[in-house]
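The chain below stands alone, shown as structure tokens; this is the form predicted on its own.
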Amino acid sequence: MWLWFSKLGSPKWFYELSGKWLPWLIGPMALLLIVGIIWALLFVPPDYQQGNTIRIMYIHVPFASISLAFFPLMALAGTITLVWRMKLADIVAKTAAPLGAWFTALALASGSIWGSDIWGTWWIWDGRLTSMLLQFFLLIGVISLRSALEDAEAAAKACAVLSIVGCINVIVIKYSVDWWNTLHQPSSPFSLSNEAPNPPEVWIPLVIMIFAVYLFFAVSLILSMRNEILVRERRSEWVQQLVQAT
């Protein structure tokens, strides 16, 4: 297991292996996106209160869900960087931050569009919305901190610490609707019963979209990591050979 762990920390080994993963990720991602979007737009019945506005859920919920994964991922990668000083772990932390900012921004934007129709306002200082906005600024802070520090090792350590601290806000986001009386509704349970708040014809395409967005995140992260590896390892022999071969 330790041999596999040490191999995974090698940028060259990961670059070669991830090239084999991508086709197996892109195919299912595209299929799930097509099925989920068509199902959500054409076959999900209008909500008895929200009407067709409910269809925004199939974009907002997946983006909001995946956005909560970034700080734990960056914190884990940062911890590995601090303890074992693995290059690949720092590459994960660096490439995940911009992606996290984009996913969080999309969650905020889609939520505001949804809220403008349901709540009658684009924004309110609700516990869930405010903590999610704070996450966006924290991610921008991680990106800015890495850019501001010229010493790559010092930047990696500083961003690792900030990422670990940022996990506290993820807990706040998760439980904000329980801790405070807010406009944002709590999570709705899934049920196989047609009499449930979210019957199967509503939540099945939502699950499909969540899986599709998670695969989209995985593909985006791998592509970003591969690009960062080439930039960092551009003077190494294996990258030079790769450039000559292409």
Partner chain sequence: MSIKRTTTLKAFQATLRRDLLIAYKRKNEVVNPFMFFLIVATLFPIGISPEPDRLSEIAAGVLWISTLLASLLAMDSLYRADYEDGSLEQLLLAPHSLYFMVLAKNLAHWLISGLPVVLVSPLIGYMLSLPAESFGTLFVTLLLGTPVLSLLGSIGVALTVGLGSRGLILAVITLPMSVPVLIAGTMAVQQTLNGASLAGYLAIMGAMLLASISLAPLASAAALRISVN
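Owing to the predicted nature of the structure, the values given are computational and were not obtained by experimental measurement. Positions refer to the first chain, counted from 1.
The next section is about a form of this same protein that is not shown, the form predicted in complex with the partner chain.
Undergrad: Could you work out which of Leu162, Met132, Leu88, Leu73 is the residue within 4.5 angstroms of the partner chain in the model of the complex, going by heavy atoms?
TA: Among Leu162, Met132, Leu88, Leu73, a heavy atom within 4.5 Å of the partner chain in the model of the complex occurs only for Leu162.
Undergrad: Can you pick out, from Ile173, Ala101, Ile80, Ala107, the residue that has a heavy atom within 4.5 Å of the partner chain in the model of the complex?
TA: Looking at the other structure, the residue within range turns out to be Ile173.
Undergrad: Would all three of Ser144, Ala154 and Trp179 be in contact with the partner chain in the model of the complex, where contact means some heavy atom lies within 4.5 Å?
TA: Yes, each of Ser144, Ala154 and Trp179 comes within 4.5 Å of the partner chain in the model of the complex.
Undergrad: May I ask you to state whether Ile124 is within 4.5 Å of the partner chain in the model of the complex, using heavy atom distances?
TA: No, Ile124 sits far enough from the partner chain in the model of the complex that none of its heavy atoms falls within 4.5 Å.
Undergrad: At the 4.5 Å heavy atom threshold, is Phe137 in contact with the partner chain in the model of the complex?
TA: Yes.
Undergrad: According to a 4.5 angstroms non-hydrogen atom cut-off, is Ala158 in contact with the partner chain in the model of the complex?
TA: Within the cut-off, so yes.
Undergrad: Considering non-hydrogen atoms and a 4.5 Å limit, does the partner chain approach Ile113 in the model of the complex?
TA: Taking the distances in the model of the complex, the answer for Ile113 is no, it never comes within 4.5 Å of the partner chain.
Undergrad: Met57 and Val172: do their C-alpha atoms lie closer or farther in the model of the complex than in the form you see, with a change of 3 Å or more?
TA: Distance between the C-alphas of Met57 and Val172: longer in the model of the complex, by 3 Å or more.
Undergrad: Given a CA distance change of at least 3 Å, are Leu138 and Lys174 closer or farther in the model of the complex?
TA: Distance between the C-alphas of Leu138 and Lys174: shorter in the model of the complex, by 3 Å or more.
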